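Encoded as structure tokens, the following chain is the form predicted on its own, with no partner shown.
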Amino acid sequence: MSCLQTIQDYGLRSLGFGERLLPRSDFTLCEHFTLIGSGMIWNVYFGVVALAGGFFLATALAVAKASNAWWLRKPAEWFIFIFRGSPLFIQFFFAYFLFLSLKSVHPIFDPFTAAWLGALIVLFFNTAAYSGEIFYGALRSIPKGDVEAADAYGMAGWPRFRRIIWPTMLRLAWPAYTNEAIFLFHATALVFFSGFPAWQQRGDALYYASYFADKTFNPFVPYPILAFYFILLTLVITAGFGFVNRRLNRHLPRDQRRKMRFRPNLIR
């Protein structure tokens, strides 16, 4: 079988298209790259959707935590504390069994026991908590002169937040938020180890990498390929977020622009 035929057969297998059965023996390097790359579709799906939705929830959490009203501040503080204070794997575990219990109450909760929705919700809440704390720190770091200048122009409420506070908050928080985006995509690999099952072998990239490692008893081929895909994904994220960072800081002198720095998060 040629490599092109392998790509046609297994390129979209993680989505349910192509060959139904996985290869059983005589694994080629093309099969490794194709199937693991096919599984990366799910990792990208988890990361993009969770990050896009979590961005808005994180903004709301940051504003609520900075609020003077205790009924807004306290729920935001506890939400951030719980999801930042507990390991992501434990969150997957408890969420899966919670959704199983709800499924027994009403069948409407059946989709929540699948990884495409249940694991996505966990990642959504987790990244919102981390990003909310980042945005909260940026809110506290906004120069008072910017807010006072907005007040002097008669801006208040939503116009002041939309035109002054929110853009400045993003500018200050963006380098740290970029790191959170990178680690969120890395955290999508934990979905394979969570309780959420891979339906009809439609798993993520780590699912297929583990399949090859178990069949060949050689983890030194599939796992480096998996790392290669995540490195490429990290480069894409860094480039995209770097472009946004330059746009956010385009009005500043070059020597005052906040530079992107990658800081490894050893414990999540």
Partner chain sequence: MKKLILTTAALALSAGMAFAAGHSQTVRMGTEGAYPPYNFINDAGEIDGFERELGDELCKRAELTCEWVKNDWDSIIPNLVSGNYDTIIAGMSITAERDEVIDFTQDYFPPTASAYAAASDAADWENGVVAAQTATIQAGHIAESGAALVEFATPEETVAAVRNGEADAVFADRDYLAPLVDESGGALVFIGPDVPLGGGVGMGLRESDTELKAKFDAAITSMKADGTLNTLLVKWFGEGTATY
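Keep in mind that what you see is a predicted model, and the values were worked out from it rather than measured. Numbering follows the first chain given and starts at 1.
Beyond what is shown, the protein has a form predicted in complex with the partner chain; the following relates to that form.
With the partner chain left out of view, the stretch that reaches within 4.5 Å of it through heavy atoms in the predicted bound form is, among 68-76, 150-158, 100-108, 164-172, 100-108. By the criterion of a heavy atom within 4.5 Å, P143 is excluded from the residues contacting the partner chain in the predicted bound form. Proximity of G242 to the partner chain in the predicted bound form falls outside the 4.5 Å heavy atom cutoff. In the predicted bound form, the partner chain sits within 4.5 Å of a heavy atom belonging to R24. In the predicted bound form, the partner chain lies farther than 4.5 Å from every heavy atom of F125. Taking the partner chain as it sits in the predicted bound form, the stretch 195-225 comes within 4.5 angstroms of it through a non-hydrogen atom at P197, A198, W199, Q200, Q201, Y207, D214, K215, T216, F217, P219.
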